[in-house]
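Only one chain comes next, encoded as structure tokens, the form predicted on its own.
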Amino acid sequence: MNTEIITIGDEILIGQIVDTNSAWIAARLNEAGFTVTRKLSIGDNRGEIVAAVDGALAKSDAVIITGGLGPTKDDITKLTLAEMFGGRMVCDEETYMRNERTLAARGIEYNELNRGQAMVPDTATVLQNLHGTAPGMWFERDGKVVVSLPGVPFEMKELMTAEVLPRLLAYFKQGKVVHRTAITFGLAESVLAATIASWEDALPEYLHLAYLPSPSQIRLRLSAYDIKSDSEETEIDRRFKELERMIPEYFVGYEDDTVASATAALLRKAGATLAVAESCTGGALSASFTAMAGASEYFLGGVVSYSNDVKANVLGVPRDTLELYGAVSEETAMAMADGVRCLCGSDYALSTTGIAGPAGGSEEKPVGTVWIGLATPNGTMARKFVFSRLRPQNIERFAAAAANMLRLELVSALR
């Protein structure tokens, strides 16, 4: 079954916000077995909306729209769809009463604009929005479906998950699709492909492999479409277990796992604690751990020692070391890790010191160079990595490489 996604809003077209909705919706539709044939962004213009929806319905079975449902005059999606589907505007009592309670609890006046959020076309099935004031709407015509959702991402996601996907599956009686994703780290995409070529070549024809690279990891997705039993899921599990045995050093986990989350799980398993000393990552390494619930079980704290004075005065890095070897060096990375381990009293400590760029490099230490220190109960080590010239990607890679260095140490210690 073919679907199209339309995002509405002038703010998207002028680059004021990034359209993350269509990517998320496409992923969820694909997981449910629907084929997304096109994604389109348009402005808050009646003619554009009509043309986009009519064009999508001419080629697809379902159209998912986000945006343009706010209370202000520039949000015209709801009125345009009412005209297209021949409905008149009526008040949805459930939406009206819920919005009144919600706004009163927040101390916001329930004015005419907010009351207008409860007005919906009588040709639509109302999809109740539990996290906002604009309800979703479900329209049907000639066996096809148009769904209109608010543009606020967390509101849209809740409606897609709770209302839209179950309704689409029931309406179109869609066959089952299975996706499973493995997470790898430490090999470039081309090197990874060459390393696992024999495994990939041996996959059965009904399993489809996709490489999904990012600066901090490469995801490998195996998919089976229109499956009739559990045998395909079992086969995907078996093939990924083979992959784990083939590349154990580079295999991180599954689905939403990251290098940091895999490392956190090992810290919990070992009953161990971590502290970090960061220079070039500027807090990104700490954030990769503290973004996860339960981080206080193993993460004690960190120091962002961007200047040499902080490295020396807070972490205790010898001035002689900084002057003789420089801030970006094996010796400094090891001293930083030792210093923060002592300062926080942790079992393990990581440090990062490097040149994220785009300026500041030299022939000896080019942009993208990082030294990562790791202090353990059995000693301290450091390792050098060289990545790209792009600052945001370098910071992400530096942090992931540091977490991975600890992950491998913990894997070895727990054997």
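Heads up: residue numbers just count along the shown sequence, starting at 1. Worth saying up front: this structure is predicted, and the values here are computed from it rather than measured. Each form is matched to the other, and the largest set of C-alpha atoms that superpose within 1.5 Å is called the rigid core.
There is another form of this protein, the form predicted in complex with another copy of the chain, and it is not shown here; the text below is about that form.
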query	finding
Site test, Ile12, Ile42 and Gln393 vs another copy of the chain in the predicted bound form, non-hydrogen atom cutoff 4.5 Å	yes
Segment that reaches another copy of the chain in the predicted bound form - one of 261-269, 192-200, 316-324, 78-86, heavy atoms within 4.5 Å	192-200
The single option of Ala32, Ala382, Val36, Leu57 touching another copy of the chain in the predicted bound form, heavy atom within 4.5 Å	Val36
Val145, Ala118, Val126, Leu300 - the one with a heavy atom within 4.5 Å of another copy of the chain in the predicted bound form	Leu300
Ala284, heavy atom within 4.5 angstroms of another copy of the chain in the predicted bound form	yes
4.5 Å heavy atom contact, Pro215 and another copy of the chain in the predicted bound form	yes
Residue contact check: Ala170 to another copy of the chain in the predicted bound form, 4.5 Å heavy atom	no
4.5 Å heavy atom contact, Ile236 and another copy of the chain in the predicted bound form	no
Contact set, 1-34 vs another copy of the chain in the predicted bound form - heavy atom within 4.5 angstroms	Ile12, Leu13, Ile14, Gly15, Gln16, Ile17, Val18, Asp19, Thr20, Ala23, Ala26, Ala27, Asn30
Large Cα move at Asn21 between this form and the one not shown, threshold 2 Å, rigid core	yes
Rigid core superposition, Met405 Cα moves 2 angstroms or more between this form and the one not shown	no
Threshold 2 Å Cα movement between this form and the one not shown for Pro366, core superposed	no
